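Single chain ahead, written as structure tokens, the form predicted on its own.
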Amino acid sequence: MSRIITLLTDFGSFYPAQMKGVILQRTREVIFVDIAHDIPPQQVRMGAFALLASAPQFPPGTIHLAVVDPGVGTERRGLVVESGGHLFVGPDNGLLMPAARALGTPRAFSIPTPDCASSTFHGRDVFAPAAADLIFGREPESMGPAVEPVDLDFGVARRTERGLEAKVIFVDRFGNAVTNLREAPPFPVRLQGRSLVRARTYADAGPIEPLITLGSHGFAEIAVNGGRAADLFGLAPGDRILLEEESCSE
């Protein structure tokens, strides 16, 4: 039976095909699903969020091959992580861990780097071969020793006297700014002096009106109906924001 392999990288359109080719040399019994290859270069946190939002939609047995790897060629480890019946393959820089934690209790094992591997393309020479081994039933623990992986989380929004302090963790192609809030604020808020409509859908706000809503990924996002919140408010991943409670505003 065919196995599903998802791919997520910051490689663009050229390099992922080489990773697929390596796997197809070993087996044709594979279904490739491209999550994204347009993650901004070296943006591990944005890649981790995209993987977190996507991996739970796939059935157990899926292999998630994810590479956003600023440390390629250094001493950073490669990993295979098992969690909730899913397998994750990629660099040990936190990229895999939010998704793995969302699915269960992760177990991580180190992947050795072959001597013949390119120092600039571990996606092709380390991680794709490891994913192919897993298709053939190789157990994760046989890849290498159990390790404590580098962790990554998106932090927790904090209630203050003025409102909610949160962080932008992702900006999508529509300019929606996803925050680390796990629910929309229960009270009216404003950002940079502009009121945000508390909305269930984008269309609940008027044209070019800013809003806050709970996105399909389970995080509150700031959006603009028919516009781009990231441009309106000058937001980028990693930015800390204050969602000011309107009753506390002057």
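All of these numbers come straight from a predicted model, not from anything done at the bench. Sequential numbering from 1, following the sequence displayed.
Keep in mind that the form predicted in complex with a further copy of the same chain is missing from the display, and what follows is about it.
Contact annotation: F88 falls outside 4.5 Å of a further copy of the same chain in the predicted complex, judged by heavy atom distances. Contact annotation for P59: at least one heavy atom lies within 4.5 Å of a further copy of the same chain in the predicted complex. a further copy of the same chain is not shown here, and in the predicted complex it never comes within 4.5 Å of any heavy atom of G104. In the predicted complex, no heavy atom of V168 sits within 4.5 Å of a further copy of the same chain.
Interface residue among A36, L191, V44, A184 relative to a further copy of the same chain in the predicted complex, by the heavy atom within 4.5 Å criterion: A36. With the partner left out here, a further copy of the same chain still marks one of 160-168, 77-85, 114-122, 133-141 in the predicted complex; by a 4.5 Å heavy atom cut-off that stretch is 114-122. Not one of S110, A146 and G238 places a heavy atom within 4.5 Å of a further copy of the same chain in the predicted complex.
Shown without its partner, the chain has G12, S13, F14, Y15, A17, Q18, K20, G21, V22, L24, Q25, R28, I31, V33, D34 in segment 12-34 as residues with a non-hydrogen atom within 4.5 angstroms of a further copy of the same chain in the predicted complex.
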